[in-house]
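Quick heads-up: it's one chain on its own, the form predicted alone, in structure tokens.
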Amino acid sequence: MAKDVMEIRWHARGGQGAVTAAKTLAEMSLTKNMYFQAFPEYGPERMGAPIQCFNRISKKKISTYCGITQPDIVVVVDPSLLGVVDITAGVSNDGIIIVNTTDNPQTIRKRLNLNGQKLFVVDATHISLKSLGRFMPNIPMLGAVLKVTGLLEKEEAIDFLKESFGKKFPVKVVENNIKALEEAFREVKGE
């Protein structure tokens, strides 16, 4: 992590698990003795409504407590938001954008009219359907974030999921989420 504070903005729709992914990322940062924040920004939206959630991860104590308007990283969990929400708002030219899509990075770069940002894509929808048996792209997107940022190695992330998810979910659910995370680590590609 090059900066003192890494700020991440997640774009998703209610019910896709983005808030859980942001919280899991924050908890994972604890394994690296880092400070963190994870919080959603939504009101009484129904399932399927556009939402945002945020992460701050830092080696130093965090003293900012507000939404993130100039993210270092943007994570787009639902590709249908690309034409609905300005996901590039506030992202600098050296920012990172990670999109759940079947399109290649060049197509997304052109569609979003990106200038200089690093762009990564992963088909988290396919991964979730294959690994989890349903549309829940949050853990594959988390895997892509971890791979791109290098915050945790794949084995560290797997160990964390075994420990954390193992307390909440049946063994099969934990195993399927690990498969989804591993596949996202393999499948994420950038330009």
Partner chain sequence: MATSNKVINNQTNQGILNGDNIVINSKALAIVGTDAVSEAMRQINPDVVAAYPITPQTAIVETFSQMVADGLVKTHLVAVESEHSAMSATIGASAAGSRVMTCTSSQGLAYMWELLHIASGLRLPIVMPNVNRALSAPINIHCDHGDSMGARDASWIQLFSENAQEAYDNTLQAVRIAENPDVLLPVMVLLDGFIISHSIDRVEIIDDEAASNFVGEFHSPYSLLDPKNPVTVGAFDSLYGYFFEFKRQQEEAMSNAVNVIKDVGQEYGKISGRSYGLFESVGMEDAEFAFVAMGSAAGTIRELVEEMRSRGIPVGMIKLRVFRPFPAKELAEALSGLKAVAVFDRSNTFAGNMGGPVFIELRSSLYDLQQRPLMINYIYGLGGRDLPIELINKAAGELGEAARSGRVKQIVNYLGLRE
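Since we're looking at a predicted model, the values are computed, not measured. Residue numbers count along the first chain shown, from 1.
Keep in mind the form predicted in complex with the partner chain is missing from the figure; the text below concerns it.
Checked against the partner chain in the predicted bound form, the candidates Thr125, Ser131, Thr149, Gln37 yield a single residue with a heavy atom inside 4.5 Å, and that residue is Gln37. For a residue to qualify, one of its non-hydrogen atoms must sit within 4.5 Å of the partner chain in the predicted bound form; all three of Glu27, Gly67 and Lys168 qualify.
Residue contact check for Phe135: none of its heavy atoms lie within 4.5 Å of the partner chain in the predicted bound form.
Not displayed here, the partner chain is kept clear of Lys162 by more than 4.5 Å at the level of heavy atoms in the predicted bound form. A residue is said to contact a partner when one of its heavy atoms sits within 4.5 Å of a partner heavy atom; Lys23 meets this definition for the partner chain in the predicted bound form. Contacts to the partner chain in the predicted bound form (heavy atom within 4.5 Å) from stretch 95-121: none.
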